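Form predicted alone, single chain, as structure tokens, below.
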């Protein structure tokens, strides 16, 4: 595992807010609110683990922050962008420019090589191919996977695929990375390595990380742990 780069609580508290949710509520049909009057503050560069039982709204919360869903009430600010007021087209640009995603199932494009998968966010944002290739390859090297740059996902192990997914999430230097059980499909040793790489790279880039996980061991490595219940968020 790479050497851990961590921030002290005092240094985190002094940073500008990266994510601010104020009194956010989301209903589905006539059911009770999945999320009600929720407040959340994440500082720039902070790495936060989000836990909670199934059905309490963890995925809904990520979707709201990502602009994949819209709150019924409340405000969502990410890196100075009022996500809850964006048009559909503006939400697409926001996701491309501001966010990185790490999924449990990797979601790599099977017809592209590892390097091409890592280049996708830069190409979508209009970065020239040469610069996109250089930046993606440099990040793959930092993650220890550059030697597999020309391999396609089907030729990679689970741990290698997750490293490529990490590169794709971080290559455009997003303000915020949202991770949904990012090591859930990996064996324990590979999971520890992938998690260490994710935390290390976010610290190096000053990227805020919000990571949903059921693992107490994974949550313990974050700067802060939050627990979502039907009553709202609480410090873990």
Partner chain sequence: MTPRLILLRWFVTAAWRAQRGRWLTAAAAVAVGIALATAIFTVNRSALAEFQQAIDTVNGEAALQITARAGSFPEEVFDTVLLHADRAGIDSASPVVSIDVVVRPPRQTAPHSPAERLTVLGMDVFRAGATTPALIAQVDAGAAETGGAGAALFADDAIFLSPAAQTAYAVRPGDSISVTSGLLEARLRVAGSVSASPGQRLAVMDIGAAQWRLGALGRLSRIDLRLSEGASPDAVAALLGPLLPASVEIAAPEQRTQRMSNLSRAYRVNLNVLALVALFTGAFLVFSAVALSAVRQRPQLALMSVLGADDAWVRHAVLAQGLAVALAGSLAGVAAGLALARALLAVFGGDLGGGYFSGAQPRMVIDLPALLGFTLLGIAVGCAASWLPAREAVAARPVEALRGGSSETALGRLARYGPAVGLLAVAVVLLNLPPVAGLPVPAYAAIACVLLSSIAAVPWLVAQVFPLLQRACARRDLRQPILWFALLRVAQAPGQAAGVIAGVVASFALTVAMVIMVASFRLAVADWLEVVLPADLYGRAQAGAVEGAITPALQARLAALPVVARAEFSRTVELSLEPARPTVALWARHVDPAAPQARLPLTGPALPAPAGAIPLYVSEGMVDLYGFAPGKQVRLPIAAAPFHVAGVYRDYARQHGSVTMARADYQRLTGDASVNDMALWLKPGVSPEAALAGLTAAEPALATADFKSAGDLRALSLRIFDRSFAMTYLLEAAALVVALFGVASSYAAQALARAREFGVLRHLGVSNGEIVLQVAIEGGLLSTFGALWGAITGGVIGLILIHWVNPQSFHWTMQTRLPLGLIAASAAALAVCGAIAAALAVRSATGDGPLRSLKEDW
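Numbering follows the first chain given and starts at 1. Computed from a predicted structure; not experimentally measured.
Below, we turn to the form predicted together with its partner chain, even though it does not appear here.
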To verify the annotation, which of these, 86, 124, 146, 79, has a non-hydrogen atom within 4.5 Å of its partner chain in the predicted bound form? 124
State yes or no: in the predicted bound form, is some non-hydrogen atom of residue 205 no more than 4.5 angstroms from a non-hydrogen atom of its partner chain? no
Does its partner chain get within 4.5 angstroms of any non-hydrogen atom of residue 120 in the predicted bound form? yes
Looking at the partner-bound form in the predicted bound form, is residue 62 within 4.5 Å of its partner chain by any heavy atom? yes
Indicate whether residue 142 is a 4.5 Å heavy atom neighbour of its partner chain in the predicted bound form. no
